[in-house]
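The chain below stands alone and is given in structure tokens; this is the form predicted alone.
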């Protein structure tokens, strides 16, 4: 069984990709909706939340966990990944590698939460892989709220937010969507940056899980730390189908 952990809905982009490439593997998804959003939390709080989530998933018997949350991958992964008897992976390295391979000019932009951008890990990883790359990082915290509140397909709102955050990136040819919520804003982003190649950190992270695939039942269980709100209805937008039951931690 593979665990996928996110602060809320965003990790469903990773789950969707993982299910497509490993249909027989069992998955367990945990969304820490009680503490959403992570992007404006302190480093110590994010690390604490990550430990709680990983301990919960460990008790469920996972073989590996993808921290699909870009903020957790950036801020907490190095602190916690060696503390568990199962593999703990993030989305930074897979996304950075994909961006370097995709960029013709090696002018790469990174979008993420404030915590992700402050950690600087995407830029550092890109420069490890391509020392001459030019990297611009932009914090886009409002994107998370737009998606979580169901406005991803509201073009006036989504496009205006994309303009405010990303209009200065016209010289870049590749943009890492460093938060798993951001792929739902791809249409709005492409309106502002029509030339850009988009790299989904969640999808790239999901592809790194292939080594843990197993012939199992193909089931998926969903757990939330707070079952209030619109998770179930919004999950249909991410996955293309409804989910039930959703269990509370």
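Numbering follows the first chain given and starts at 1. Small disclaimer: the values here were computed from a predicted structure and weren't measured.
The same protein also has a form predicted together with a further copy of the same chain, omitted here; what follows describes it.
Student: Residues 168, 191 and 197 are flagged as a possible site; in the model of the complex, is every one of them within 4.5 Å of a further copy of the same chain by some non-hydrogen atom?
Tutor: No, none of 168, 191 and 197 comes within 4.5 Å of a further copy of the same chain in the model of the complex.
Student: May I ask you to choose, among 36, 54, 62, 184, the residue with a heavy atom within 4.5 Å of a further copy of the same chain in the model of the complex?
Tutor: Going through each option in turn, the one that passes is 36.
Student: By the heavy atom within 4.5 Å rule, which residue out of 160, 83, 78, 120 makes contact with a further copy of the same chain in the model of the complex?
Tutor: Of the listed residues, the single hit is 160.
Student: State yes or no: in the model of the complex, is some non-hydrogen atom of residue 124 no more than 4.5 angstroms from a non-hydrogen atom of a further copy of the same chain?
Tutor: So residue 124 does not count as contacting a further copy of the same chain.
Student: Contact with a further copy of the same chain in the model of the complex for residue 226, defined as at least one heavy atom pair within 4.5 Å: yes or no?
Tutor: Residue 226: yes, in contact with a further copy of the same chain in the model of the complex.
Student: Hey, in the model of the complex, does residue 217 get a heavy atom within 4.5 angstroms of a further copy of the same chain?
Tutor: Outside the cut-off, so no.
Student: So in the model of the complex, is a further copy of the same chain close enough to residue 131 to count as touching (4.5 Å, heavy atoms)?
Tutor: Residue 131: no, not in contact with a further copy of the same chain in the model of the complex.
Student: Select, from the options 202-210, 23-31, 63-71, 43-51, the stretch whose residues sit within 4.5 angstroms of a further copy of the same chain in the model of the complex by heavy atom distance.
Tutor: Among the candidates, contact is made by 43-51.
Student: Go through 132-161 residue by residue and record those having a heavy atom within 4.5 Å of a further copy of the same chain in the model of the complex; state none if no residue qualifies.
Tutor: Stretch hits, in order: 141, 142, 145, 146, 149, 151, 154, 156, 157, 160, 161.
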